[in-house]
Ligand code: PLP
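Below you'll find only one chain, the form predicted on its own, shown as structure tokens.
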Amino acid sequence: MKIAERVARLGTETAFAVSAEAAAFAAQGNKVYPFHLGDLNLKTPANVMAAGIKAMQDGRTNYCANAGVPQLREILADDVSATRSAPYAMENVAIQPGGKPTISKFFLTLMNPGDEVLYPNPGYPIYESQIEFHGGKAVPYGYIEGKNNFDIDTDMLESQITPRTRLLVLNDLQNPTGAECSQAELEKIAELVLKYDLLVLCDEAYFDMRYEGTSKSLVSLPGMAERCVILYTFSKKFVMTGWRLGATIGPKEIIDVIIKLNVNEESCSNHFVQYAAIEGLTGNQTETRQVLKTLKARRDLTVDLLNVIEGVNCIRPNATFYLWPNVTGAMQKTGLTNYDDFRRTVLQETGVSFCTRLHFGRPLEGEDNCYIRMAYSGINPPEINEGLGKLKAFIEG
């Protein structure tokens, strides 16, 4: 059987391989501390679940509009307009079966073969995969570690722009680093977008997953709403990762094409789940707020415990549920200077499972620090304490 050539350009989320290794280790009777996969071990708010069940009982189990249930589109447009200070209406919203479809549909709509696309590295690996799968050239830009945040290397970003550069992927409130753009960064990016006539995918999956401060969006800056497509997901805020519901939000001429792609690819998003989302946006927010309180407590505990391990330095991000600790000293101390050797040895010796820099893109030229990604969304405080205590003992010998 001859598989299509484009498939060779298709990547994957290698974090799932880490999960498989951890599961195999656990199957041998060992305890695993799962810091590796960014899923939530919390329940979807009860009122959201009840709304989904009621919708099923009311017969919302058939096809619905390709663009999504009109009521949800209107409510979401109003919500995003208020939180991003941008003028969106129902016609600017296309409901999707999750956040991820926005990535591929953005490239299908706007990228021609050979176009260059700037994407964050370290970053969500599906960006690079989808760019290359659809015939584009993926061009990375990096981050600089500061005292309290990872900042986009805007000098590097601009240096990578050529006459073939057409698109930019911006994942503010970022997976895996937890980084968020300052106002100055957003203004610089907006300047570059206008200067070089770029269109932007604003991946805002973690826009509402924050513990201090207020999230900002590139679309709120002058001239940006006309050039940006927002990736929105219900997965994180409402603990709906397995429900598979999100949205693409942007200029009408782009959304019209994406709705046509909906028709071709999945017909429509799940009907009854959209009524659960309506309840999430408009109903009682008590349990939704509690999710943030729970995650904030886990964040603080995890950061505090990491920062007392010799050779580890961890920034405390204001958003997401990811940490990107610098483990350069710890790896040197253990003599395990290869990422995979370090990760696998820690798993075997302590049961602590995590991803490394290698799972979020090929290291860039000149990188001399080592990082791992730890997610605290799927592990409870007693296990955080116990697991990181074992990690400390292992590293400090």
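This one's a predicted model, so the numbers in the text were calculated from it and none came from an experiment. Start at 1 with the first residue shown and count on from there.
Below, we refer to the form predicted in complex with the named molecule, which is not included among the displayed structures.
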(request) Decide yes or no: are N149, Y211 and R316 jointly within 4.5 Å of the named molecule in the model of the complex, with each residue judged by its heavy atoms? (result) no
(message) Within 4.5 angstroms, counting heavy atoms, which one of the listed stretches 69-77, 300-308, 136-144, 202-210 is next to the named molecule in the model of the complex?
(response) 202-210
(request) Tell me, yes or no, whether P251 is in contact with the named molecule in the model of the complex, where a contact means a heavy atom of each within 4.5 Å. (result) no
(request) Using a 4.5 Å heavy atom cut-off, state whether G178 contacts the named molecule in the model of the complex. (result) no
(request) Answer yes if any heavy atom of G98 is within 4.5 Å of a heavy atom of the named molecule in the model of the complex; otherwise answer no. (result) yes
(request) Find out whether any non-hydrogen atom of K216 is located within 4.5 angstroms of the named molecule in the model of the complex, and reply yes or no. (result) no
(request) Work out which of I255, I189, L231, V291 lies within 4.5 Å of the named molecule in the model of the complex, going by heavy atoms. (result) L231
(request) Note which of Y127, F238, F107, Y88 lies within 4.5 Å of the named molecule in the model of the complex, where distance is taken over heavy atoms; exactly one does. (result) Y127
(message) Suppose contact means any heavy atom within 4.5 Å; which members of 239-263 contact the named molecule in the model of the complex?
(response) R244
